[in-house]
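Single chain ahead, written as structure tokens, the form predicted alone.
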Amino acid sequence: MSFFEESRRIEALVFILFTLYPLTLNFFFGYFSMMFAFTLSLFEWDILTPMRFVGLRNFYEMFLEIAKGFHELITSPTLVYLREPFFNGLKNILIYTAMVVPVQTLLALVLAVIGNQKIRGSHFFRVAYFLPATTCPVIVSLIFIWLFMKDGFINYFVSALTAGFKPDWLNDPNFLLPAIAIVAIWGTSAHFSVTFLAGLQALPREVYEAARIDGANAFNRFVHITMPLLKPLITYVVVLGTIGALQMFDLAWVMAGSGGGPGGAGYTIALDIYNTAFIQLRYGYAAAKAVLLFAIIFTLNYYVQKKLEFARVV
């Protein structure tokens, strides 16, 4: 065998090994886990005893809990978090997603536009606003717990703007979820702004030059050229942001605790799945809730990508 034939064999072997490694991880931690969760949702299992097939009973119990949650929300809304924690987590995470995704997308776009300007200090600005994306969410949460204290740094500015009013961010049910949303927006906007910045730098300059010659000002160029060309990236950011927001766990765990904090205001569906599986040892029921979360994420993303046709550049 010649030297070149031996080199090609080694190259082919290395290619197969490097391909099999991510495919194997993706199969076991992605597709296999998903199929196992779907299967587990049809069983009752507490690890200590053998699995028992119960059919759709877990789903029936889950939707019954949601129906009871709607009734409690109308009759005694202050007790929803005690009587129907799963419904409370579902409600909170939908509100949280509605608060976080639009703001983080808009803020990321604004940061990217500022960072794309050819001015002195732009490189330092890009590094500075990307730093939150490189920090561990748990560390960020611990820092913000200190900042959100009643006499903390944030209330120093809030009281100056509101004639002395100091919200108790972490102990008041009305402010706990917004506080978690602020931390999420601060961290995720930095990551998505880099995505927008890469898109802005790839846009064709000839189009902007032609628009400038035709008399279009900066605002019109942004609205009629930049925004349409960035539609695929905006869709990408909205989809990823929605998935991350609906699955939020770490910020709620650190800032509100496993019980969701005062009034269950920080309780999320991911926390409820964790408690159902690892505290109550009801793995089948927890898997049914995870399937519902998957269905919500899939439906919302389908709506964004297909129904709105947001990714197409006309």
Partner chain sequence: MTTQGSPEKGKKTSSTLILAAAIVILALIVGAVFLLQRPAPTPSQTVVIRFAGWSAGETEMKSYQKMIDLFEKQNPNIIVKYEVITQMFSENILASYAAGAAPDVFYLDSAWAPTFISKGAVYPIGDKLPKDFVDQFYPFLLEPFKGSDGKLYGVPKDWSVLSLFYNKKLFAQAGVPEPTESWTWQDLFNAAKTIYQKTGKPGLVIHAEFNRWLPYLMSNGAPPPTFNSAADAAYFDNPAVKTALTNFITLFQQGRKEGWIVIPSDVNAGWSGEAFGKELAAMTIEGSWMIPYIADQFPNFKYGSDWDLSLIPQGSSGRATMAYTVALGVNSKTENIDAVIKFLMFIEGPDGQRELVVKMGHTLPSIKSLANDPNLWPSHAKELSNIGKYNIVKVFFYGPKTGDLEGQFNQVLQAAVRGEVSASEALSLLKTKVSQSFKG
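Numbering follows the first chain given and starts at 1. We call the rigid core the largest set of C-alpha positions that still match within 1.5 Å between the two forms. Remember, predicted model here, so these are calculated numbers, not experimental data.
Note that the form predicted in complex with its partner chain isn't included here; everything after this is about it.
*Asks:* Is D151 close enough to its partner chain in the predicted complex to count, meaning some heavy atom within 4.5 Å?
*Replies:* Flag for D151 set to yes.
*Asks:* Is G69 one of the residues lying within 4.5 Å of its partner chain in the predicted complex, judged by heavy atom distances?
*Replies:* Contact with its partner chain, no.
*Asks:* Taking heavy atoms and a 4.5 Å cut-off, does A295 contact its partner chain in the predicted complex?
*Replies:* Because no heavy atom of A295 falls inside 4.5 Å of its partner chain in the predicted complex, the answer is no.
*Asks:* Under a 4.5 Å heavy atom criterion, is R221 part of the interface with its partner chain in the predicted complex?
*Replies:* Heavy-atom contact with its partner chain at 4.5 Å: absent for R221.
*Asks:* Does every residue of D46, N171 and Y283 put a non-hydrogen atom within 4.5 angstroms of its partner chain in the predicted complex?
*Replies:* The answer is yes; D46, N171 and Y283 each reach its partner chain.
*Asks:* With its partner chain left out of view, which of L79, L106, M99, V207 would have a heavy atom within 4.5 Å of it in the predicted complex?
*Replies:* By the 4.5 Å heavy-atom cutoff, the listed residue in contact is L79.
*Asks:* Exactly one residue in F32, F278, F53, Y60 has a non-hydrogen atom within 4.5 Å of its partner chain in the predicted complex; which is it?
*Replies:* When its partner chain is considered in the predicted complex, the option within 4.5 Å is F278.
*Asks:* In the predicted complex, which of the stretches 79-87, 158-166, 223-231, 189-197 has residues with heavy atoms within 4.5 Å of its partner chain?
*Replies:* Among the listed stretches, the partner-contacting one is 79-87.
*Asks:* Going through 5-23, which residues have a heavy atom within 4.5 Å of its partner chain in the predicted complex? Please give them in sequence order.
*Replies:* The stretch 5-23, when checked against its partner chain in the predicted complex, contributes E5, E6, R9, I10, L13, L17, L20 at the 4.5 Å heavy-atom cut-off.
*Asks:* With both forms fitted on the core, give yes or no for whether the Cα of L23 moves by 2 angstroms or more between this form and the one not shown.
*Replies:* For L23, whose C-alpha is compared between this form and the one not shown after core superposition, the shift is less than 2 Å.
*Asks:* Align on the rigid core first; then say whether the Cα of I10 has moved by at least 2 Å between this form and the one not shown.
*Replies:* Yes, the C-alpha moves 2 Å or more.
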